[in-house]
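Below you'll find only one chain, the form predicted on its own, shown as structure tokens.
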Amino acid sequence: MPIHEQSLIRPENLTTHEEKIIDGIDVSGHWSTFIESRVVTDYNEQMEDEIAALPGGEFIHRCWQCGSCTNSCTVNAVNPEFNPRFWIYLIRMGIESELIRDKDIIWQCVSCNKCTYACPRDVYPEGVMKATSHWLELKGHTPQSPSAIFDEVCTDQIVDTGKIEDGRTLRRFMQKTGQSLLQDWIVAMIKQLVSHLPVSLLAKMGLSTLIAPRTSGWSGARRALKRYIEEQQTEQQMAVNPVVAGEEKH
């Protein structure tokens, strides 16, 4: 699965000689541009298996590098450095250091699923991007992303109460991400709600935010969900960091 695009060659890996004569021929400047040879010292032969073990990465092995995902990508159209096909190549080749260099943009996937619709091999590239972002977090290469924090807030609320209360969700998300609740767009939204919704409904929403009502008979489902989530988290940690996860388990 060779990669030949010039855009994927890092600038620091190119060497240009301002004055270079080879066999009496002047090849100075552009003509003397060479790609420096490199040795992969941190090859991770388990990287594909690690990401395949996470939700969304199950079918990464199907990729045949056609490029349909990147060609159809919404984010790539704005930022050419966002290249799902290249990252899948790095994952399958085990070139971990190259993948980590793009850790700050991989999470920018907007889940439009254009890549998934275009993929002729049912790799589900959108899922692979999510699995890769999750892998970077589990490995400690990136902090928890805002989208992951939001998912966590929603999941915790569902598990605890069996309900989703918009006010509590927003408040907890803003707290966990260190954002103020007095932002202009939040204040404007609240003013719109106050001016258009009945007082009784506003009072009910405010009360639900504070009291957090629970679904009747939810205790059994809560225990089952907590047990399932713990099992999944343990499996994922074992797949990505088997030694660390094993020590924690004991």
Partner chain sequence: MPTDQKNYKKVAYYPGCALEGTGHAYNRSTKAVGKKLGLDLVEVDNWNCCGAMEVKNVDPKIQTYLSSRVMSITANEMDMDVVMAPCNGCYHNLKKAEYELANDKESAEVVERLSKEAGHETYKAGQVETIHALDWIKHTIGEDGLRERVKNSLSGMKIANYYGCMYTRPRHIFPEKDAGPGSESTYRPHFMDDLLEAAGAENVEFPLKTACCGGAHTLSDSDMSTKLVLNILRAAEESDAEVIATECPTCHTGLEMHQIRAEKTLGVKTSVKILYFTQLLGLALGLKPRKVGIQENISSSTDFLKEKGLA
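The structure displayed is predicted, hence computed values, not measured ones. Residue numbers count along the first chain shown, from 1. Take the two forms, superpose them, and find the largest set of C-alpha atoms that agree within 1.5 Å; that set is the rigid core.
From this point on, the text means the form predicted together with its partner chain, which you will not see here.
Though the partner is left out of this view, residue 90 does not reach within 4.5 Å of its partner chain in the model of the complex, counting heavy atoms only. Its partner chain is not shown here, and in the model of the complex it never comes within 4.5 Å of any heavy atom of residue 81. The closest non-hydrogen atom of residue 188 lies within 4.5 Å of its partner chain in the model of the complex. When contacts are judged by a 4.5 Å heavy atom cut-off, residue 36 does not count as touching its partner chain in the model of the complex. Using a 4.5 Å cut-off to its partner chain in the model of the complex, each of 75, 110 and 147 places a heavy atom inside that distance. In the model of the complex, 146, 147, 150, 151, 154, 155, 158, 162, 163, 164, 166 are the residues of 144-167 with at least one heavy atom within 4.5 Å of its partner chain, listed from first to last.
After superposing the rigid core, the Cα of residue 163 is displaced by 2 Å or more between this form and the one not shown.
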